[in-house]
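The chain that follows stands alone, in the form predicted alone, written as structure tokens.
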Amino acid sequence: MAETHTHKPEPVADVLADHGVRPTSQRETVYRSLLQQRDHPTADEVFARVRENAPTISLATVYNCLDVLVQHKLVKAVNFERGPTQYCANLAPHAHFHDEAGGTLDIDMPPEMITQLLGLLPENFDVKHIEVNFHGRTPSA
């Protein structure tokens, strides 16, 4: 019989510590909320979610936690025009589709597509990151 291995996700506190972030209950709660629902919430939406488990947390603390997570590259801050910043825990190369009716979806970007995009640039450009965003409407269900 083949041996099966189940991969247990690394505890949130360990992930934070591995990225140089001092684990606190607030940071763990905010980060966990982003990992559990990968729907690109705003800070206000994160605040509403985490208050269920951390009723004493403040909006300022949520903003501070999000800033730390972005600075340590655990989540991405995604901006669309003049809308509020949204937060994305998907660190794999991908694009975003921003639906005019609301919501943001991750769109996979194969590595060869990233290579093609980089090939469009003149030589000696130092690219720090690529951000590809699509805007429009998703099909009605």
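The model shown is predicted, which means the values in this text are computed figures rather than measured ones. A residue's number is simply how far along the shown sequence it sits, counting from 1.
We do not show the form predicted in complex with another copy of the chain, though everything after this point is about it.
J.: Does at least one non-hydrogen atom of Gly83 fall within 4.5 angstroms of another copy of the chain in the predicted bound form?
T.: Residue-level check for Gly83: yes, a contact with another copy of the chain.
J.: Does at least one non-hydrogen atom of Thr42 fall within 4.5 angstroms of another copy of the chain in the predicted bound form?
T.: Flag for Thr42 set to no.
J.: Please tell me whether any heavy atom belonging to Ala48 falls inside 4.5 Å of a heavy atom of another copy of the chain, as the geometry stands in the predicted bound form.
T.: Close contact is absent here: in the predicted bound form, Ala48 is far from another copy of the chain, nothing within 4.5 Å, heavy atoms only.
J.: Just checking whether His129 would be counted as a contact of another copy of the chain in the predicted bound form - the rule being heavy atoms within 4.5 angstroms.
T.: Yes, His129 is a contact residue.
J.: From first to last in sequence, which residues of 108 to 132 have any non-hydrogen atom within 4.5 angstroms of another copy of the chain in the predicted bound form?
T.: Those in contact are Asp108, Met109, Pro110, Met113, Gln116, Leu117, Leu118, Leu120, Leu121, Asn124, Phe125, Asp126, Val127, Lys128, His129, Ile130, Glu131, Val132.
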